[in-house]
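Below sits a lone chain in structure tokens, taken as the form predicted alone.
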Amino acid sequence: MKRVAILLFAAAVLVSLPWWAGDQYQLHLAALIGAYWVLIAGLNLVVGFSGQLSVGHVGLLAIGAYAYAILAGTHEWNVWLALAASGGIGALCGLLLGLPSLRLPGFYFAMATLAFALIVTELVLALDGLTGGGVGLSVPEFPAPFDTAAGSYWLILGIAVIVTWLTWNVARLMWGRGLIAVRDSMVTAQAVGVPVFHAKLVAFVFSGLTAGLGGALFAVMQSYITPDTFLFELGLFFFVCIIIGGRGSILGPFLGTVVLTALPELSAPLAKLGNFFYGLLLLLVVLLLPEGIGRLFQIGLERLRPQRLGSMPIEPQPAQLALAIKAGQR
């Protein structure tokens, strides 16, 4: 019951945020966290659960953003159809990237995803007739009632909740345990019958789907996108959110997303030291709390809610006791 009450309270706070947020910028920041989380929730299955070092998801984010801008803007598709197509295109690109690269060992896979992100940036610049090149593209906004800051926030919140529910279902069932087995020991996972490559590929394709959706939402929030919007540092940011939050959980990476997205606002007077604070936080977490800040939050909840140890009654068994005494007298 306590868990249900906490979830209901959190839902009430998130849904009512537009009414009690201090200003429009804070609401925009909350929507940005939601858009980032749509991508990171899928990426968490790749990095946090299956242990694949993907640092180039910003390329998939850019593909989703440009797909939405081109389909909904240039070709005047229905925005909801364009949004769904952006997710589908992201999943397709995830499949085309994952088929050859997921067979590579960790470091080489990371380099493959990095190369993919760089290739996407170069293609965006080269295909200026389609993407606008360095000038960029204008992004159509969502129709009413989602054309306001509050409406956009509620839409992103709804999509983020659905994606979180999907990833939570994967994580808590045997599929999620299989991914963790792949992360911890690929040989052991194969020995117990886990289809290693298939499991990694499905997780990566799903992360491409969420990256495509997140890219479309991110593009609408920006209202205008250029290649400079999708720098490598953004892809590294997604990866660090998972590492700081803690691998193998849903709550930890979400907390990492919230903290790292809000950190520039907390250090606004020291804007030039933004990367310094990112690096310092990452160093502290790796050295002092390797399991991530999500584990710290769980420890706090466990201390607030102590577990009750059940007692097991012991029934006397005189027959067995008599046999033991006779055996000792021999």
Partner chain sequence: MLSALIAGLATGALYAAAALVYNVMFSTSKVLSVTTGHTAMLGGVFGAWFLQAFALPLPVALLGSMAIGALLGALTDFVAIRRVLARSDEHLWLLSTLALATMVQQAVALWWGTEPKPFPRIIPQEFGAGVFDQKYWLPVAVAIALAIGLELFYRGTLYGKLFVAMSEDIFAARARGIPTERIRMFSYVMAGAMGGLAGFAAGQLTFAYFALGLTLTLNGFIALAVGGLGSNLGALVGGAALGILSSIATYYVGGEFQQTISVGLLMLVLLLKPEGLFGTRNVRPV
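Here the structure is a predicted model, which is why all the values come from computation and not from measurement. Numbering follows the first chain given and starts at 1.
Keep in mind that the form predicted together with the partner chain is missing from the display, and what follows is about it.
J.: Establish, in the predicted complex, whether Trp19, Gly151 and Ala262 all lie within 4.5 Å of the partner chain, using non-hydrogen atoms for the distance.
T.: Not one of the three qualifies.
J.: Only one of Val170, Val205, Val196, Leu123 comes within 4.5 Å of the partner chain in the predicted complex by heavy atoms, so just point that one out.
T.: Of the listed residues, the single hit is Leu123.
J.: Within 4.5 Å, heavy atoms only, which of Ala30, Ile293, Leu53, Ile70 is in contact with the partner chain in the predicted complex?
T.: For this set of options, the contacting one is Leu53.
J.: If we take heavy atoms and a 4.5 Å cut-off, which stretch out of 249-257, 196-204, 227-235, 159-167 is in contact with the partner chain in the predicted complex?
T.: Of the options given, it is 227-235.
J.: With the partner left out here, check for me: in the predicted complex, does some heavy atom of Tyr108 sit within 4.5 Å of the partner chain?
T.: Contact check for Tyr108: yes, within 4.5 Å of the partner chain in the predicted complex.
J.: Tell me, yes or no, whether Phe239 is in contact with the partner chain in the predicted complex, where a contact means a heavy atom of each within 4.5 Å.
T.: Because a heavy atom of Phe239 falls inside 4.5 Å of the partner chain in the predicted complex, the answer is yes.
J.: Can you work out whether Asn78 and the partner chain are in contact in the predicted complex, taking contact to mean some heavy atom pair no more than 4.5 Å apart?
T.: Asn78: no, not in contact with the partner chain in the predicted complex.
J.: Under a 4.5 Å heavy atom criterion, is Pro100 part of the interface with the partner chain in the predicted complex?
T.: Taking the distances in the predicted complex, the answer for Pro100 is yes, it comes within 4.5 Å of the partner chain.
J.: Do any residues of 187-209 have a non-hydrogen atom within 4.5 angstroms of the partner chain in the predicted complex? If so, which ones, in sequence order?
T.: Contacting residues: Val187, Gln190.
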